[in-house]
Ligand SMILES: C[S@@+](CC[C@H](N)C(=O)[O-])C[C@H]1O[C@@H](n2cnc3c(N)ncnc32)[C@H](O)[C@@H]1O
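Heads up, the chain below is alone and in the form predicted on its own; it's given as structure tokens.
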């Protein structure tokens, strides 16, 4: 599908359905899936791309992996991960979604890349697998969570990505605290102790992924952003990457949460390090340096010591 073939009413309908989820399938037709994959999926893909790049720098793997894409939609999460590690690093991709249409669509797109796929039947695989979960917090009621729980319990590793909103962040923090004793949270967490944001109602754990260049250079994307009321310049994300002990290596780098607040002389930011979460402040010597702090993205590290 190309932009010239877009039905803007279909995109508006999808957008409203995402913002106001209701029982039943998201996907009512192949056409809706094609529209989503063209216009909405690339934003999700950019978030997964940044996470994949950071994982490559921070963890060790003993592939090939079976990837289980839970709530796969069009399969954008597994497509990005397969591309990041190479098809040879993936044994197969298992796809689960409550929509058969989505499962088939995702399988076709992965198959076109030479990836072996299968439809998951609602039970965790027998072997070792990497579980991918994406954008489900706003519809994950108690019943849905109970169906997800065995997949989390039996995974060798899992990555759970959500929009960088306070409510989504809180959902992930709760999951981390429930599972902290049995899992190593390798990203973005630089420590394994209690999350410094537990009980914090003002701050939340989120970073920003880098938008693809075409979001700024192609007129179709500019028009899409205006039509949908989406700021394509900003890709806030909250996520957790966890593995069984010893499988992946945690990054112990300091992690900036959210954007920095920059004045003429100083930049301030909330930073998570091995000692927990605290505000840090550093002197700014130029506008260029201030802009660098203000525009810190997902992999930006705050290395300076706090100003006394």
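Positions refer to the first chain, counted from 1. In this text the structure is predicted, and so the values were computed from the model without any measurement.
What comes next is about the form predicted together with the named molecule, which is not displayed.
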> Does any heavy atom of residue 73 come within 4.5 Å of a heavy atom of the named molecule in the predicted complex?
Replying inline: yes
> Going by a heavy atom distance of 4.5 Å, is residue 98 a contact of the named molecule in the predicted complex?
Replying inline: yes
> Do residue 222 and the named molecule come within 4.5 Å of each other in the predicted complex, heavy atoms counted?
Replying inline: no
> in the predicted complex, does residue 144 have a heavy atom within 4.5 Å of the named molecule?
Replying inline: yes
> Which residue, 177, 139, 88, 227, has a heavy atom that falls within 4.5 Å of the named molecule in the predicted complex?
Replying inline: 139
>> Exactly one residue in 248, 239, 65, 27 has a non-hydrogen atom within 4.5 Å of the named molecule in the predicted complex; which is it?
In response: 27
>> Tell me which stretch of 166 to 174, 73 to 81, 182 to 190, 228 to 236 has a heavy atom within 4.5 angstroms of the named molecule in the predicted complex.
In response: 73 to 81
> Going through 30 to 46 from first to last, which residues have a non-hydrogen atom within 4.5 Å of the named molecule in the predicted complex?
Replying inline: 36, 44
